[in-house]
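First, one chain by itself in structure tokens, the form predicted alone.
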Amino acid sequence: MIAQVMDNDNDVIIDLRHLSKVYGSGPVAVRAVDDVSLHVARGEIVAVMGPSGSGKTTLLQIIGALMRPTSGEVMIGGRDIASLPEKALPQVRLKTFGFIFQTPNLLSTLTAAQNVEMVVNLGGVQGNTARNKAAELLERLGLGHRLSHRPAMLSGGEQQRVAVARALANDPQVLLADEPTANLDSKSGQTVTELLRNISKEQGKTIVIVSHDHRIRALVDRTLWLEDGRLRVRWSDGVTLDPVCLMAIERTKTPDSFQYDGDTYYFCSVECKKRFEASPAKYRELSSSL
């Protein structure tokens, strides 16, 4: 297990403590999430990657209170949402999280604006105030000219941007995105990913993205590797550890390396290299402690 450590606990918005999710019992039990501990800072954008069936979506659903863990704590803003009664969870989901899925899941009979307005209504805002807020969100995402269009009249990328606006409707602290670019072409996928990064940096939103799309690594602050339900590093010939995101990477396929104090460090992305260059001693100490 790898526990990510932030410099200041006051900056932590997501704090997972020895989190596990087990399906079944006895010899047929499956540990979808296995003793995961993780800190994510306010305003940070993190990608969770790994092979299919590794537990990524299960982990995301537990963070977002869509599924209860078998054991462990899910601290969001200092509150353990895993211990809350079931009746309290709908409001937690509505007010704390914004969800973006692989498929936009827009209501086909409603316009783009109405799809967003509906979620604003659920948050307790009605009438012109709700309509204006929905329109403003869509305009900020470059869809001001598509307010009255129904989903069938929108491209895949435009539909996903409506889904992002819907996720932002109640000003959540955390955005959770499950394979948000999987059904998009390369250009649209890049647009949506850049949009999420801009939201994180400009609005201070914490974003966790589950994805197989390795292009995302260049646009996030950290990339974590989940396999068999655990955050882990797999070692073999030619494989090393990115000292920033702690992801296992092949030396021959890394975009860059950096010499520091007589050692060579390899990185999964240019972003990780920049972070290392800014605080090499900090990241060297973290990676050497594993």
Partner chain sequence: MVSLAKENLLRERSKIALSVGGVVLAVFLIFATTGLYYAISAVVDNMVMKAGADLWVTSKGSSGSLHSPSLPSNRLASDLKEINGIQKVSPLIRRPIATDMNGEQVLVSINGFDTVSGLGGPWKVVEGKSTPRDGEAIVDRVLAQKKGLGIGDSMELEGKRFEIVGISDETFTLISYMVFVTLEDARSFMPGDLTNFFLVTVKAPGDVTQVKQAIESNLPAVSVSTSRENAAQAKEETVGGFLPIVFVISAIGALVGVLVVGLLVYTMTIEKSREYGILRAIGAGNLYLYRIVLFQSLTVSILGFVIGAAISPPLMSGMQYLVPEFVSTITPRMMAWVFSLFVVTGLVASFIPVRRLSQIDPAVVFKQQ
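Remember, predicted model here, so these are calculated numbers, not experimental data. Residue numbers count along the first chain shown, from 1.
Although it is not shown, the form predicted together with the partner chain is what the next lines describe.
Student: Please identify the residue among N198, Q126, Q173, S155 with any heavy atom within 4.5 Å of the partner chain in the predicted complex.
Tutor: None of the other options qualify; the answer is Q126.
Student: Just one of V119, L168, L147, A82 has a heavy atom within 4.5 angstroms of the partner chain in the predicted complex, so which one?
Tutor: Residue within 4.5 Å of the partner: V119.
Student: Is T57 close enough to the partner chain in the predicted complex to count, meaning some heavy atom within 4.5 Å?
Tutor: T57 belongs to the contact set for the partner chain.
Student: Whether L106 contacts the partner chain in the predicted complex should be assessed with a 4.5 Å heavy atom distance threshold; does it?
Tutor: Contact with the partner chain, yes.
Student: Is it the case that L110, even though its partner is missing from this view, gets within 4.5 Å of the partner chain in the predicted complex, heavy atoms only?
Tutor: Yes - in the predicted complex, heavy atoms of L110 and the partner chain come within 4.5 Å of each other.
Student: I'd like to know whether T240 contacts the partner chain in the predicted complex, with contact meaning heavy atoms within 4.5 angstroms.
Tutor: So T240 does not count as contacting the partner chain.
Student: Among 41-49, 221-229, 24-32, 59-67, which stretch sits within 4.5 Å of the partner chain in the predicted complex, heavy atoms only?
Tutor: Going through the listed ranges, the match is 59-67.
Student: Check, residue by residue, if R215, Q259 and Y266 all come within 4.5 Å of the partner chain in the predicted complex, counting heavy atoms only.
Tutor: Not a single listed residue reaches the partner chain in the predicted complex, so no.
Student: Need the contact residues for 178-198: heavy atom within 4.5 Å of the partner chain in the predicted complex, sequence order, or none if there are none.
Tutor: The stretch 178-198, when checked against the partner chain in the predicted complex, contributes D178, N183 at the 4.5 Å heavy-atom cut-off.
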